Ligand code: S3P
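As a starting point, one isolated chain is supplied in structure tokens, in the form predicted alone.
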């Protein structure tokens, strides 16, 4: 796909696609509660389709499906069915990791697999703490999928996480619901808390104190989940508004969860005009974000704030190239084990567009004040790399050929609809 530079500013508003993380959880958690659960404004994408496949293989019925409304009916956790076949999690790490915890108390065997990329991603990080609770979970050598989970009775107790991962934390919380005693989880760093918020709304007994979460075993009730817009998807347009002079963008109806707006707070630190307006506080804070162009300057990003903007770090590299001064990102080794090695993918692609960027083991450094040139770039099967490169093309000095743009189907199937709409306005 050939993309040409834009000779325009960005003015307007957007309600981005619905939040992927919350849609995943709404779908998967519906299996826990006997009865009918509803998901309003779900994200319909390849990743969330993987979570739907999981629960349907476990005996949950999708009794209504429209563009804005999914209705799911579960027989209840105790009456879930043993899958008759291997469950394909496609490319969704969230689906696979959360499902391991969901299956912890089930009296049957389940096999989870996925595409080539997912089968190479690290699963020992979730397998090891679940095994410590007495859960029988196995994988290939090196902690890789396919995974085999034989659910059954298991312990509560204390679990100390060695990685800052909302997915691992969520798997343990789900396992705690079916344990024989309360489970206390100590996080390495605070991560997004969508799981805690939604399960609390469903009636689970969960206490949160800073980086410590305690969950008591017990049932939950069906719930109606209203999914807000995804701040990570909106970040591409926020970045564009920060790159094109005299731009202003209103992002409407997005999650303002503190664990999800780190990118926008860093954008403020870089000099952009960013304003938040909270419309709903519970169970998820939801509201609007207004972004206005201003000259950007370089920043230092370290491990303490990385969990809150991990998905947007490739965008930070792009913004840094246009900022005054240098930018250094460290403590982001987690980027190495996403859909692709995002540190390598970011540095190689931006370098091919003329950016002076240096790769580090756990991040990168970018020399500011640069102008991108045209060239050929590759998404490498990663939706976030693909979208970042499409945004980069708007400010390049010549055409950019983007290979693998179809990766956007994973989280933002209508990305180019919005892209061309903004380009034409």
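In this text the structure is predicted, and so the values were computed from the model without any measurement. Numbering follows the first chain given and starts at 1.
The next section is about a form of this same protein that is not shown, the form predicted together with shikimate-3-phosphate.
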* **Heavy atom within 4.5 Å of shikimate-3-phosphate in the model of the complex - residue from 225, 166, 272, 249** => 166
* Residue (of 311, 196, 284, 288) lying close to shikimate-3-phosphate in the model of the complex, criterion heavy atoms within 4.5 Å -> 311
* With the partner left out of view, is residue 94 within 4.5 angstroms of shikimate-3-phosphate in the model of the complex by any non-hydrogen atom? -> yes
* Asked: So in the model of the complex, does residue 192 come within 4.5 Å of shikimate-3-phosphate, heavy atom to heavy atom?
  -> yes
* Asked: Should residue 21 be counted as a contact of shikimate-3-phosphate in the model of the complex, where contact means heavy atoms within 4.5 Å?
  -> yes
* Any chance residue 322 has a heavy atom within 4.5 Å of shikimate-3-phosphate in the model of the complex? -> no
* **Which of 157 to 165, 105 to 113, 217 to 225, 261 to 269 sits within 4.5 Å of shikimate-3-phosphate in the model of the complex, heavy atom basis** => 157 to 165
* Asked: Along 24 to 46, which positions have a non-hydrogen atom within 4.5 Å of shikimate-3-phosphate in the model of the complex?
  -> 25
